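For reference, the chain that follows is the form predicted alone, supplied as structure tokens.
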Amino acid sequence: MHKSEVDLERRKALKAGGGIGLLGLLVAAGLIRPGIASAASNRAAFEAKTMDEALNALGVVISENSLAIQLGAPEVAENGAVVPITVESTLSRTEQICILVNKNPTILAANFLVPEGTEGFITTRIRMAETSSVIALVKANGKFYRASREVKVTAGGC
């Protein structure tokens, strides 16, 4: 190995070790909780072609509208390929957050499992084929709640 290769490997090792050390320090200080939301796979729900099929695959019997769910989405999306979405749930014991788009080829755009003790907050980007209702579906305490918003798409992304 040349000296420059050794220096490069040393830098990579220091950078990785420093990042891990900083993460450990933040967890120990209580600034970061080790539980994080994870994307969940539910093949039947992701393959659903209608809203009813997607809701059935997710196990939704009835979902109630809730003001405890804040759905952040643009009124107009210039590019349907990257539509920013934020969902925040102040419902106690939020277990799952799903994002559904009624007129997409794939109705279920995202599905996140939220570990116990973690805030019910996600932010992501989804693809939208055309102007449609975006629905945030939140499971908390074993029940489903929803919030929705119409998003106008000027250029489709699916």
Partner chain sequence: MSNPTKMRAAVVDGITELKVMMQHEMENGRRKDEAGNLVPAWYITDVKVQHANRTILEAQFGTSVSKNPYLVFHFRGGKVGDKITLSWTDNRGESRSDDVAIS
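Numbering follows the first chain given and starts at 1. Only a predicted model underlies this, so the values are computations on that prediction, with no experimental measurement involved.
Another form exists, predicted in complex with the partner chain; not displayed. Remarks below refer to it.
Although the partner isn't part of this model, could you tell me whether R93 comes within 4.5 Å of the partner chain in the predicted complex, counting any heavy atom of the residue? R93: no, not in contact with the partner chain in the predicted complex.
How about T123: is it within 4.5 Å of the partner chain in the predicted complex, going by heavy atoms? Heavy-atom contact with the partner chain at 4.5 Å: present for T123.
**Message:** Is it the case that E116, even though its partner is missing from this view, gets within 4.5 Å of the partner chain in the predicted complex, heavy atoms only?
**Reply:** E116 belongs to the contact set for the partner chain.
> Just to confirm, N102 within 4.5 Å of the partner chain in the predicted complex by heavy atoms?
Replying inline: No, no contact at 4.5 Å.
Quick one: in the predicted complex, does every one of R43, A109 and R127 get a heavy atom within 4.5 Å of the partner chain?
Checking in the predicted complex: R43, A109 and R127 are all within 4.5 Å of the partner chain.
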